[in-house]
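Listed next as structure tokens is one chain, alone, in the form predicted alone.
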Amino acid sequence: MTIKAELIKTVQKIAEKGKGILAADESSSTIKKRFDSINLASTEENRRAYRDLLLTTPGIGNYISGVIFYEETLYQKTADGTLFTKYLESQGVVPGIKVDLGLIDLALTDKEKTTQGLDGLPERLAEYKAAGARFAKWRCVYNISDVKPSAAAVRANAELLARYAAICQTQGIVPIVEPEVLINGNHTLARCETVTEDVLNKVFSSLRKHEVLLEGIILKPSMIISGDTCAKQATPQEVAEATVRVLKRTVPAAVPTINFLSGGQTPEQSTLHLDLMNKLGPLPWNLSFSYGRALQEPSLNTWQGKAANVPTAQKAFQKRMRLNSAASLGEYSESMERGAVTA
């Protein structure tokens, strides 16, 4: 099989209708914050047990087509000793891996951010692929203010995402391209729309320059939404319409699937917004989810680090998977939040 065929085959599997991606790639510092919220120590075993709870939830393959791992999790095992990657493959779920090494300040800017990790990336990708990973994720972030993001930050991060994507594709690994326009701030929906359109235009210009195969990528953008401290919050319908409008202006139809991040929204908000976007179809791409906290939060709060709570926590996870699956098909309704949903 050629590399091009391998990339397209992987993307087609992940882009299966009615399914999305579970982002279980929280860094050590992020998972510690999540565990702090339930007064649980972030030990390696507790992290393994929590990922085991999520990944062995009955019916996960009905709603999830891919899981993004943190490096530690890629090599961990279920309670019965099966590698998580092997277990997921048995459920028809594709394993993936976060490959960026976190945010740093972008030189000569006002504390704007870029992402590190390109050095040694080909060698790391070869190791991750041997361990079962078939796709990767790299995140760049953009702060919004009246003057941010700067043109320098937009250009630098677009170039970085394209270089990462090109390296992934040479290894036969599908790149998730994640340009996250942050929700933090008092910016309006209109300001977010302007910034996001510029960011996505620059990203796709750089992807073309680096000859990245668009049919072999997954786009993971943020939704166009009012800043979290904005006095006037946009309605869910306004969020959906603005997001789809910008995607139509910027994302080529060759891109097979767009899997949104939740970016600080509540589980219910991120599900509703996704559903309303799909109700605006037909659209040239699959629109689905790649959520972390928005999928996991109810199950984490139910689990509380106690083995006795695992079955109930898995039911909470089943419910969020099922509702987001429905949203990815434009078949969700807010009344479904009140019912018990099982696999």
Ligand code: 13P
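The model shown is predicted, which means the values in this text are computed figures rather than measured ones. Sequential numbering from 1, following the sequence displayed.
The form predicted in complex with 1,3-dihydroxyacetonephosphate is left out here; the points below concern that form.
At a distance threshold of 4.5 angstroms between non-hydrogen atoms, residue 262 is in contact with 1,3-dihydroxyacetonephosphate in the predicted complex. Though the partner is left out of this view, residue 23 does reach within 4.5 Å of 1,3-dihydroxyacetonephosphate in the predicted complex, counting heavy atoms only. When 1,3-dihydroxyacetonephosphate is considered in the predicted complex, residue 288 lies well away from it, no heavy atom lying within 4.5 Å.
Taking the partner from elsewhere, residue 178 is found to have a heavy atom lying within 4.5 Å of 1,3-dihydroxyacetonephosphate in the predicted complex. In terms of contact with 1,3-dihydroxyacetonephosphate in the predicted complex, the residue from 292, 59, 298, 284 that brings a heavy atom within 4.5 Å is 292. Only one of 134, 202, 220, 273 comes within 4.5 Å of 1,3-dihydroxyacetonephosphate in the predicted complex through a heavy atom, and that residue is 220. Only one of 246-254, 163-171, 192-200, 137-145 places residue heavy atoms within 4.5 angstroms of 1,3-dihydroxyacetonephosphate in the predicted complex, namely 137-145.
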